[in-house]
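So this first bit is one chain, no partners, the form predicted on its own, shown in structure tokens.
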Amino acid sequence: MDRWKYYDITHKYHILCNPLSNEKFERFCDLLSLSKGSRVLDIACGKGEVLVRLVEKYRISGVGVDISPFYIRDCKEKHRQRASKTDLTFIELDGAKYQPASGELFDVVMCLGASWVFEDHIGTLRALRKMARPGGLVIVGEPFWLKEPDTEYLEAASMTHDFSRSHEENVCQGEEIGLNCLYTLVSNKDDWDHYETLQWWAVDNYIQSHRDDPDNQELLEKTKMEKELYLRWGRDIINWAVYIFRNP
């Protein structure tokens, strides 16, 4: 089935498409303490909740980029409903191909949970830094190993060990290229459980209301596999955090 249709279905009820609780998201927004008119770029912006929340709170302006036509549709609708008279632009595009207009540098550049756009964590940090002004913020959301992953888990998930790193290594990779890590927001098991299991519910509801969709069997099989990976291994092996860096 279409990759972006799959994520649209599985994340239908998610406000944020990552394991960050509402409380931590509010803390994140408060910590940024942005000035009115600050320019924010969000690569792989998902449904646009981060940018819309920041424009509601601080009256920033910004750009959201996402490759999913489903998510960009959601972004534009959310902008229309909640912040129609504000300066937000949402672009359907592979984030790796985005080029700021006239070499613009942003006050905040972020990519929360989609480092695959730039191949890996360090590639994401390097790419975002190029688009951040001196003194601006570079923010990424990234998984990290809680413990050494089982070979069985890696094989079942079709992953290699370098899919992720330790929490320390995620910080150090940014600092090794000259960024200064200011803060991290780390998910806990409740955050992960909500993120993962809400997808199971969304899939069940979709199938109940779309019984003739030819993609349903594949959807059920993928959900069954993801459920097993999470419950048997992932819940105790991998975690996720938001890393906030200062660009000197």
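If you're wondering where the values come from, they're calculated on a predicted model, not measured in any experiment. In this text, residue numbers run from 1 along the sequence as written.
The form predicted together with a small molecule exists for this protein as well; it is not shown, and the discussion that follows is about that form.
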{"item": "Which of 209 to 217, 176 to 184, 28 to 36, 42 to 50 sits within 4.5 Å of the small molecule in the model of the complex, heavy atom basis", "value": "42 to 50"}
{"item": "Answer option from W116, Y153, F163, W145, heavy atom within 4.5 Å of the small molecule in the model of the complex", "value": "W116"}
{"item": "The small molecule: the contacting residue among D87, D94, E168, E77 in the model of the complex [heavy atom, 4.5 Å]", "value": "D94"}
{"item": "Contact flag, I238 vs the small molecule in the model of the complex, heavy atom cut 4.5 Å", "value": "no"}
{"item": "Contact test in the model of the complex: F106 vs the small molecule, heavy atoms, 4.5 Å", "value": "no"}
{"item": "M131 within 4.5 Å of the small molecule in the model of the complex, heavy atoms", "value": "no"}
{"item": "Exercise: I9 in contact with the small molecule in the model of the complex, heavy atom 4.5 Å", "value": "no"}
